[in-house]
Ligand code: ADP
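Just the one chain here, the form predicted on its own, laid out as structure tokens.
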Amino acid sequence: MEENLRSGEIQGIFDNLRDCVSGPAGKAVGVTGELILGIDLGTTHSAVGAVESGFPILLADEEGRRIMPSAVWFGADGSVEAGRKALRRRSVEPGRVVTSVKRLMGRRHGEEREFCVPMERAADGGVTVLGRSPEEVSAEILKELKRIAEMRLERPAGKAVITVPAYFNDAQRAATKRAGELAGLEVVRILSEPTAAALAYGLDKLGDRSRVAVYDLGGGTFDLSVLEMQDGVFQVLATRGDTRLGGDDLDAALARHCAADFDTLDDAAKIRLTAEAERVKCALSERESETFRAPFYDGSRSLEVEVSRGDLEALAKPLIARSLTCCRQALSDAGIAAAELDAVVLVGGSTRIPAVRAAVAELFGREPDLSQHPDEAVALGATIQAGVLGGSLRKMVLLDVTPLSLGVETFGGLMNVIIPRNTTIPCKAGEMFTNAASGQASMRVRVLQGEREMARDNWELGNFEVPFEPMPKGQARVGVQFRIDENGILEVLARDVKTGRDTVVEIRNAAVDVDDAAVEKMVGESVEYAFDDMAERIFTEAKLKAEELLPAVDQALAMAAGLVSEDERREIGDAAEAVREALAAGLPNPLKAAVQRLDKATETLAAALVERAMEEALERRG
């Protein structure tokens, strides 16, 4: 396998790759019952789902991504883009990209003090941005989600369940419904986000009576709801929240911490600093320190500040305290003590912050339940509700779960997980891979099971060859899909995208029929060796990139006469030498940092080479 698979971008090329809906031959799978979409219209990110063959799934865009940024770009010529495309324009046209518009939904002018673009007073006393109401901006996000769903399902979608924070008032809920109508959707239900998360959480707990608190801290809003679930019926006992509390506030606080003059800057500079603050915040959920870098953030000045996790936690402390006040109030309203809860479920991207998790654990006296995907649980719950309303979900039965992760070995001897452990079956997911060497005529797909980062430390369930036409490195495309049916039978399908030829291997019972002691041993070893495994993975991934980058840089420099300055050439040379030294030293983090430095140092060179190639092509054509 060392020379066979290279992980590539997730694509919806064939049958439900990574939960994208398509049939065995690329045709749409029929959705039983009336089609109603489930939509999480989030402050920072949104998602859309539907029920396929009795199972709720989230639908991915053309890039294979299920989560879409809640961003809209309004061009000077009247053109509009939403989602990832809009967000990419923010660095160039910050004043024309609207993000976090959910904070303005149903608001009066003056209620929100600051926003990413200037706010104006509407004739009715509401708010407008770039001449549009918050509902009109949100409608563009919903239109893009509707387009993604119709593209995946290959049929029109006209109805939806849309989620809102539990603490949204009537005006905010009405504004959300109006946004759906402007997007061409009949909003059949407005569903509270914590209730949606509880629906997603409760799928595998039907028949049990339990009380659950859902702590939902997203990009712009916070909710704590206490729900009682019995026989599939969800009753909200109490809810409290703050529609002006979320990850956006922490981003702003961190930006002000790093840039003392933040409040005096223009909007473009504030956006650059806030975007970097968000990146640093996310990094500090994984690391103890991170450098806040903002080159020429106001056109002339640059910032480079070392930020520790302790610094972030100090900034987050008052925000977390506000959320805990809501939690205490909700418990009091429900008339129950924290000890009477069966679980405290965390959802929302901001719950990835370690300080948030620690504070929740301390308040409720138990470790929070992290079983739900922070960014996807609400959308999944909305999809379940939509399926029930549309008649697609008549009964939901837990069949089994995968006890250990399933995946394949990729280039460098890495384990690439396709189906994570504890995934409810039946299920299916996939990923796209490319050839690792030029002239390669086949790939060996080695099917693995386990929790370790390196392929050699996991169990092999089987392997097979996938033939394809010899092509240059990275040009062949092979989709690999894992499907586990209700009987625990794992079917692995590999498709040569160019020819459409399939190779299918069936592995009976290996996916779920695993001895408990063996599972416990594997999981225990994954924890015991976690740091060593991750260090080896980081080094391997960085080494693979370095071995590709160094020859490419040498070749580019040889072709770059007159395209870069001596200082730039010297910086590239120094960065390349740092990569070689880090490779020789064999240390993962220095190598990763050196590769990132070289990658950044060559950006100008790469752009210049592309521009020259285009000019030469135009000259030849002329």
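This one's a predicted model, so the numbers in the text were calculated from it and none came from an experiment. One-based numbering along the sequence shown.
What comes next is about the form predicted in complex with the ligand, which does not appear here.
Using a 4.5 Å cutoff between non-hydrogen atoms, G126 does not count as a contact of the ligand in the model of the complex.
Among residues of the shown chain, R597 is not one whose heavy atoms approach the ligand to within 4.5 Å in the model of the complex.
Contact between R352 and the ligand in the model of the complex is found at the 4.5 Å heavy atom cutoff.
Shown alone here, G219 lies within 4.5 Å of the ligand in the model of the complex, counting heavy atoms only. The partner is absent here; in the model of the complex, the one residue of E541, E451, D375, D242 having a heavy atom within 4.5 Å of the ligand is D375. The contact with the ligand in the model of the complex, taken as any heavy atom within 4.5 Å, belongs to G247 out of P165, G180, P134, G247. Taken together, the three residues E278, S285 and G348 all lie with some non-hydrogen atom within 4.5 angstroms of the ligand in the model of the complex. Residues within 4.5 angstroms of the ligand in the model of the complex, judged by any non-hydrogen atom, belong to 37 to 45 and to none of the other stretches in 55 to 63, 589 to 597, 575 to 583, 37 to 45. Contacts of stretch 126 to 148 with the ligand in the model of the complex, defined by any heavy atom lying within 4.5 Å, are made by none of its residues.
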